[in-house]
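Given as structure tokens, the chain that follows is alone and in the form predicted on its own.
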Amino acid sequence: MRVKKECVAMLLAGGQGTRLGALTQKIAKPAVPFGGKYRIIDFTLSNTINSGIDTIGILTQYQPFDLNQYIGNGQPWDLDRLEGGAFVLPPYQKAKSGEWYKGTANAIYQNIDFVDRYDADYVLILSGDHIYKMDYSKMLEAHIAKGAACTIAVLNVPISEASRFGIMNAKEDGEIYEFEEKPKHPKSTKASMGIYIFTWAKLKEYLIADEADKNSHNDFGKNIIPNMLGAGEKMYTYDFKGYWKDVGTISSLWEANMDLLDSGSGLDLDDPDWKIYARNMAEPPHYVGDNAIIRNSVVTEGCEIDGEVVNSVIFRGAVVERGTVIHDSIIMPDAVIRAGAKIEHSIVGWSATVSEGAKIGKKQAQADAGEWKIAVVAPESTIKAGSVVDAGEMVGEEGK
């Protein structure tokens, strides 16, 4: 007999992440390395267990092997439980039919039985590709106190950026009266973070009705939320104040890593009361050679550094040889940077090799129209000696 859970979390982790280009050719976006020793998904998983929610379904689809292997039995996040824990939920064949997840709402619809097994009163819908720290238990308390059918986490954004988001127009008490999907002329700055809490019995009704609608996109933002709002359901915003970044582009992924090096960014991983957990690969201590110069950088275990590293994030197992210069860049796991290479404003993918004297990227004083021109070396690729990769270029197995 299953133990009843007040709230079950459902983490949507099946996205392809096409805007990350070569970094997501072989792995799903939530599995992309971040911050020296983490994967992007570590933040959502850690938030969940830190919030006291110990049952989480992880819905995978695109290139799932690496992500499934990384999650394993959920032990690094204290999610290896006899009752509850972490469950990877890919699409599966039923008795009469089977299909891929057609949209975010359809993904939850296909796993109604999973939520019902725990007799959950509430379901928390999350994304696996955001960097932030958030206590979901406080959001759940607010949801219950207001007797809401749906509560949506929102973040105030500059009015100049509001057109990029789903915007919630709400009364002073937070009750939502209008939802605008990427409006040209936004009426407020309350941007949806893609974090929802639903009263499960109510959501289940709308999921079943949505699946029966052949014209539906089977999506929360396009269908479920507008349908609930149109039917007069009690829906509220939950204001989030803190660091949050959607790392869906090369520029935003680079920015979030650089924010780790800025004490004023709000992204703090040193808080003992809210740890970000990750799978430990048990690498040896990092080694810093006689010729190394390291300033304002993250250098993770297993690295060998004998060059100049400034304002950069160096992941586990990376090798930086003598005479190399790395500024404002991200060097992912097991990458090798040979002698004399120069890397600026770049991302070098895991297990890639940058050969002697190659030049990757170019120093930039500021972003162009909000986007940095970050050079990218694809994972497991090799840049030949003396090659030049310009700012904003992406080099992989198939060329630029």
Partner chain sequence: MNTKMVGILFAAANETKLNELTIHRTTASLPFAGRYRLIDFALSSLVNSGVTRIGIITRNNYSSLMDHIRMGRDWDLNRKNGGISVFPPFVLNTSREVYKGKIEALYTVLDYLKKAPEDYVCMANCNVAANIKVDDILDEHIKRDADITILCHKASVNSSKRVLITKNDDGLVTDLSASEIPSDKEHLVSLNIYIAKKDFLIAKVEQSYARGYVEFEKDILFKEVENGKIYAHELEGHAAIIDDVKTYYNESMKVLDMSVREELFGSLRKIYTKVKDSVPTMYMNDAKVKNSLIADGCVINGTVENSILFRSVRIEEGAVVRNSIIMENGIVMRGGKISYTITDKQVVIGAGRQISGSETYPIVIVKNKIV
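Residue numbers count along the first chain shown, from 1. Just so we're clear, the structure is a prediction, and the values are computed from it rather than from any experiment.
The next section is about a form of this same protein that is not shown, the form predicted in complex with the partner chain.
When the partner chain is considered in the predicted bound form, only one residue from G289, G232, G242, P158 comes within 4.5 Å through any heavy atom, namely G289. With the partner removed from view, the residue among L124, M134, A278, M193 that has a non-hydrogen atom within 4.5 Å of the partner chain in the predicted bound form turns out to be A278. Within this chain, P284 lines the site of the partner chain in the predicted bound form, having a heavy atom no more than 4.5 Å away.
Although the partner is absent here, E304 sits close enough that one of its heavy atoms falls within 4.5 Å of the partner chain in the predicted bound form. Using a 4.5 angstroms threshold between heavy atoms, Y38 counts as touching the partner chain in the predicted bound form. Contact annotation: L269 falls within 4.5 Å of the partner chain in the predicted bound form, judged by heavy atom distances.
Proximity of L59, N68 and V336 to the partner chain in the predicted bound form is absent: no residue of the three has a non-hydrogen atom within 4.5 angstroms. With the partner chain left out of view, the stretch that reaches within 4.5 Å of it through heavy atoms in the predicted bound form is, among 224 to 232, 325 to 333, 269 to 277, 116 to 124, 269 to 277.
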